[in-house]
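Okay, so here's just one chain, in structure tokens, the form predicted alone.
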């Protein structure tokens, strides 16, 4: 509804509508404001109001103009940095880089070196020499054109204020109590129009699958392990898992070691001694590795290469209590110094599950794996024998990937070795079956993504996150 306007607004309305009463078009609101001594911002506001009430028709006009900064004016007068640097190099012979730097302003020298080298005008080294004898300063010429106003451009459509659609003006007071409002024309309101969609965050496909997996584990009676330590010692990550200190996985080519702090400050000494003994001399039916175990290697800090380091800590804590069967799981980030390709990243998420009970066998492991992966909608599995330092027997798990058109390894599994469990203090008849897989692989299969770099990392298309559906894992 029309309301009492400020004096300036009323004056602008009178000026616009009074002009249109005798003229068909106002071609340019900016020019109109200038000629009538009006504030252009206020003119624009009134135009929008009049247009909204359908008193006038209006079209936008947009203009772009270029103006030089102080730096641009300087280059227009003195030449671009690359030409200044080129001219400072002798036409014949060469000049020492240090001497050339002294002849130019620091910013001119820095930009000039980059652009002159890129243009292949000069040879850059300890000495600088010309590769060509003449160059054209296109940058300076363009800056001069801008300075002379030759690059101003007018784009888009003109503003046209075309005719009046009502004899009533908006300006002036309205007598609401007297009923003047009944004769005013109101802007129509579309009650069926939808408002703009609300901006909101979107869960990444990895988070969707992670949430479903977490709920699945909890329904199966598993307890989540704490995984808040990305940094681990080599002891918990390798040694406690009966992985020898000369194993290739402990090389810098495969593992990210920390520079600071480079070593851990505290380890359980009695347990460390038992781990050392089983590495060097064996035990529990094992001959060990027969090498000199070094404490300094165990002390090294690293970015954990697997969440099995967390499992080791949990089993060690479990062994300190009266034995009771346990089922644990974790889903979190791990780091490996791997070459990046369509199925591998140096940083990824690992899912790990383990069951600790008396008398578990390989048959129990296969049964649990079929149960677990069938709930992910992956009932078509294959198993392949493999070697792990801390499990025996061990199996790789494969599932068929429709997008890649081949069988893809989706996990690793096995029965933890006595050399790992007995030093912790777990009973001799206690067994632990465990399996691990990346979160990325099943997510790729579930969402039909063939390249892991399209799922995780700096090359991910954000629209992928917005348009992907809710994760629907095929739970039986």
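Numbering follows the first chain given and starts at 1. Here the structure is a predicted model, which means the values were calculated and not measured.
Only in words, not in the display: the form predicted together with phenylalanine, which the text now covers.
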| property | result |
| --- | --- |
| Heavy atom of residue 435 within 4.5 Å of phenylalanine in the model of the complex | yes |
| Contact test in the model of the complex: residue 350 vs phenylalanine, heavy atoms, 4.5 Å | yes |
| Contact test in the model of the complex: residue 414 vs phenylalanine, heavy atoms, 4.5 Å | yes |
| Contact flag, residue 202 vs phenylalanine in the model of the complex, heavy atom cut 4.5 Å | no |
| In the model of the complex, segment of 387-395, 295-303, 280-288, 374-382 with a heavy atom within 4.5 Å of phenylalanine | 387-395 |
| Candidate from 276, 74, 214, 336 lying within 4.5 Å of phenylalanine in the model of the complex - any heavy atom | 336 |
